[in-house]
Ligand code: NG6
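The chain below stands alone and is given as structure tokens, in the form predicted on its own.
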């Protein structure tokens, strides 16, 4: 059993009675070994998209407040430049490129995380925490062969450590456009079963390719399959009309579910893993935010994301549990401007720079692909507020959480994760020994100190319609990030010994 792989967890009493929300604050008991933990993944958010990271064309006051009350990391990385592998790495503590089929998952993918794998949710669950996955999932559901959305979907997130789930199966531009709650499609009428395919058209619902006159948001590339709410998606779907989401309301729905879970868990300890759909395409803001940013819909959904963070913060304050809640906010990968819809994101930038000073973006091995915003707040514990400049990787969240809880992990669990609680909580500014990054087509890079090495690759240099530089090149690349953070000058030829050193280290780590 998975619990046998975890050592050092003391026996815990049963969960306290769930009482629901109350506006009255309780007298909080601070336990520095058992904080509540909230981990929020935004989607496709760039390090230049937040005012606390220097954005001047848009204001994110709630996220800025979170940063000012804790630590703002300036040198933190996702493991990968796309969604599915980043999430896999964080939840398993293992680099995604060690396992097959951890690329961008279709909406009917089987569960990618093996149910025998000890996940971060398992660690919290076995320590007596109440656990939940809310919002974007994108790690597959169901058994090998694909997901049947018309009955109890097993395995699901409850098979890997989560007590409660209310999730978007994949991404909001992929079918099926429904929520799954505790293994069942929410609001599904059994007489209108769902059929999903990523190989061929199913049913008779209109598609963007066949019926462009029915589309309210036109694709710039791909995204021309089944039309849901006037938006053509990736993949084909029919059935489940009563369960379809309303795109304008997704942020409200998942935020409300997250708040409800927090309220119902306020008298115990809890772990909330939340994935927002913002800033991913299609960018469809609620009318409250539409047109408010001056940067088009991409800017509007950044405001919507900031509202979500504010709602979670306000809920913690209203319950009197903010002090003993460790709150992590980050992004799964870097930003992308045109990601398949004609939403005028590029035309409406108005001087805004989502990538900051960095090269590349989502999909890329260059810095803007994986250097991400990463903010940590824990008022009862983190006293040295400000910048955390040490080299840090999301892969270490797993082991660092176990370290805080006093859980000893057996060898092989969270294989690549390292316990770095002191760095996570601001007690030290030290660098991780190295950070490994992965791009869209599995080319790897390694950062050690001020140096970054990109392995040679014969894969394409540019990612399709986004025109993003992937970082692939036939010869090795070496950059000094201290002197050249924008990676303009490849100095591999001038530093053969450093290339040899980092190439050998990457081979040792990756086994290639």
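Keep in mind the model is a prediction, meaning the values are calculated, not measured. Positions refer to the first chain, counted from 1.
Below, we turn to the form predicted in complex with this ligand, even though it does not appear here.
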{"query": "Residue 362, heavy atom within 4.5 angstroms of this ligand in the model of the complex", "finding": "yes"}
{"query": "Contact label in the model of the complex: residue 83 to this ligand, heavy atom within 4.5 Å", "finding": "yes"}
{"query": "Residue contact check: residue 133 to this ligand in the model of the complex, 4.5 Å heavy atom", "finding": "no"}
{"query": "Exercise: residue 171 in contact with this ligand in the model of the complex, heavy atom 4.5 Å", "finding": "yes"}
{"query": "Site test, 122, 125 and 326 vs this ligand in the model of the complex, non-hydrogen atom cutoff 4.5 Å", "finding": "no"}
{"query": "Heavy atom contact within 4.5 Å of this ligand in the model of the complex, the stretch among 448 to 456, 36 to 44, 65 to 73, 482 to 490", "finding": "36 to 44"}
{"query": "Contact assignment for this ligand in the model of the complex, among 231, 111, 407, 234, heavy atom within 4.5 Å", "finding": "234"}
{"query": "In the model of the complex, the residue from 333, 157, 439, 92 that sits within 4.5 Å of this ligand by heavy atoms", "finding": "333"}
{"query": "Interface residues of 194 to 229 toward this ligand, as seen in the model of the complex [heavy atoms, 4.5 Å]", "finding": "221, 222, 223"}
